[in-house]
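Only one chain is given next, in structure tokens, and it is the form predicted on its own.
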């Protein structure tokens, strides 16, 4: 993350006790529209890998805009990492574009979400399907040794428009290149997908298409079967809907309050100029 930064800006804390005031530690700008943000973590803040937090940043006048963002760091780490897409004209995006170490940030005291491994039924194979910044919760999960001990095979599929956006998943690619760096015994396969630069990656079509016709399974040399596969999907809501349709036809089911699922989802969309996360809540028990 970039060590150099302009002087921090004065900000005022929002009224109320639901947030804690934190400090931006580092900013890494992967591309003109993709950045990682690292902030301090309140000692009392607790979350499960896959959860999201509400992140707030202030403008020069002290007005704070808050959005839900998936946490990309692991629960045992002393900081919080977020992977953010900058959207032209977005209220939060304008703050992210100029954010620098030393700036103030606000984090809700609670974490949220249901895209977590405790909600996944037992099975040997874990598939993680992501578009863009949907890789963030999976980065958190892959930092945890328990993930690597629970599953035998892990397949991570990340689809982006341009090749430089794959840089945010460098840690995932490193686990595949050198399995000795992984925090557990599972074998990992990383399947990068670039859709708008022909030839940039071996796989170049949309995730649902490749899921349905068997391309993903062939690329990983691993079948996607309800008896052994568990599928987590995070990203574009249209992609998530299609994946749900395909998997449902194969017998996969989402989690219920008393029953772990064989597939779990989180959707991202643009909300007033920021990319935010919305996770599915398990339906009420009948």
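Note that this is a predicted model, so its numbers are computed, not measured. Positions refer to the first chain, counted from 1.
Not pictured, yet referred to below: the form predicted in complex with a small molecule.
Next on the checklist: So if I measure heavy atom distances to the small molecule in the predicted complex, which of the stretches 149-157, 177-185, 162-170, 119-127 falls within 4.5 Å?
Outcome noted: It is 162-170 that comes within 4.5 Å of the partner.
Checklist entry - Quick one: does residue 33 come within 4.5 Å of the small molecule in the predicted complex, counting heavy atoms only? => result Result yes; residue 33 sits at the interface with the small molecule in the predicted complex.
Checklist entry - Given that the partner is absent here, does residue 213 sit within 4.5 Å of the small molecule in the predicted complex, heavy atoms only? => result No, residue 213 sits far enough from the small molecule in the predicted complex that none of its heavy atoms falls within 4.5 Å.
Checklist entry - So in the predicted complex, does any heavy atom of residue 236 sit within 4.5 Å of the small molecule? => result Residue 236: yes, in contact with the small molecule in the predicted complex.
Checklist entry - Are any of the heavy atoms in residue 87 no more than 4.5 Å from a heavy atom of the small molecule in the predicted complex? => result Output for residue 87 is yes: heavy atoms within 4.5 Å of the small molecule.
Checklist entry - the small molecule isn't shown here, but in the predicted complex which of 79, 109, 196, 202 has a heavy atom within 4.5 Å of it? => result Answer to the contact question: 196.
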